[in-house]
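First, one chain by itself: the form predicted alone, in structure tokens.
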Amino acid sequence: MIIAGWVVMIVGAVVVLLLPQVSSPYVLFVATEVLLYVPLAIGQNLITGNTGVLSMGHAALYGVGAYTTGVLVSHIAIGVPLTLLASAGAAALVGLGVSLTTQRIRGDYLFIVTIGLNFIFLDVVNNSTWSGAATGLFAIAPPAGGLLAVTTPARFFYLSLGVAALCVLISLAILRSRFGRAMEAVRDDPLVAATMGLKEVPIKAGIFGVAGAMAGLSGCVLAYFLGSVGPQDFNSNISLLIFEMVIIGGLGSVSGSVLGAIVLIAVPEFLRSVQEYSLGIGGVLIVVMMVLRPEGVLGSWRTAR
């Protein structure tokens, strides 16, 4: 079984790496879109699946990364690495700030507060001159020279793939570390974790920061990919879509996050007749999953009733 698993992984990796050479532009576009959502789903899963925090504001962190890139590219000519770092850092700081300011809030109330985060973010970008207000930012040109030029669909795909792979590796490293075991202990029983000397506030703040950084990386690539960003790209429906990916793919599972992104992005794209109902389809799938398999398709943590 172990050998078969490695064979599947190797074959899958080869197929993904060769995709730009064997697929149509449309398939490559959809694949890039899926890869953009993988870090978002992984970050959401670290918060909800592995730390047990109900959060619904991930689109705001996504938007912080995208707008950071848009503003920097519009005013300063900097390369992709620095833009990625700046976008990840800005989103991480926002995530860290949200966690620290809501540390006394629990359960459903925190869920409501993080929904409010989306509305605050949208209100700010809709009414600010630096963000282009309701029309957004345009002409976000990616670097056109050097090895890191990302001006072709294939290069956008590989940039998205690199970011997604980095986030997968980071999340796996976290989950297999002492910190990962600590955050799952806080999730399962905060009182027992506290008696063991585990501090809940810094653990949750750290995870929000990591998840924010992942969302910021995706936001940076999105801004380059689309060439523009606007408030409509980061509304509460996007947060709901990311949350659905985690529930369907599997709570506490990195591979489940990837599966959730594929199911809710690629499948509706290829079934164009039902694309506009993707959120509703996701809702139906959540209801089915909660009844038949509450931990999700590949999940390892069973939700409390």
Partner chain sequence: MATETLGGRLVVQNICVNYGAFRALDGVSIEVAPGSITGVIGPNGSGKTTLINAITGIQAASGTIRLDGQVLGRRSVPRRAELGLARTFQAIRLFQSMSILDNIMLGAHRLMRAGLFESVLRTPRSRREIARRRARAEVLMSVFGPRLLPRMHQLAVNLSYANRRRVEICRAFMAEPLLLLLDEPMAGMNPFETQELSEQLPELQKLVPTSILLVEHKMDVINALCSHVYVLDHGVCIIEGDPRTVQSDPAVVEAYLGVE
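Residue numbers count along the first chain shown, from 1. As the structure is a prediction and not an experimental result, all values here were calculated from the model.
What comes next is about the form predicted together with its partner chain, which does not appear here.
Interface residue among Val71, Ile174, Ala205, Leu226, judged by heavy atoms within 4.5 Å of its partner chain in the model of the complex: Ile174.
Only one of Ala149, Val192, Leu166, Ala139 comes within 4.5 Å of its partner chain in the model of the complex through a heavy atom, and that residue is Val192.
Of the heavy atoms in Tyr158, none are within 4.5 Å of its partner chain in the model of the complex. In the model of the complex, at least one heavy atom of Lys199 sits within 4.5 Å of a heavy atom of its partner chain.
Its partner chain is not drawn, but in the model of the complex it has a heavy atom within 4.5 Å of Arg181. Taking non-hydrogen atoms only, Ala185 approaches its partner chain to within 4.5 angstroms in the model of the complex. Looking at 150-158, 84-92, 214-222, 166-174, the stretch with residues near its partner chain in the model of the complex, meaning non-hydrogen atoms within 4.5 angstroms, turns out to be 166-174.
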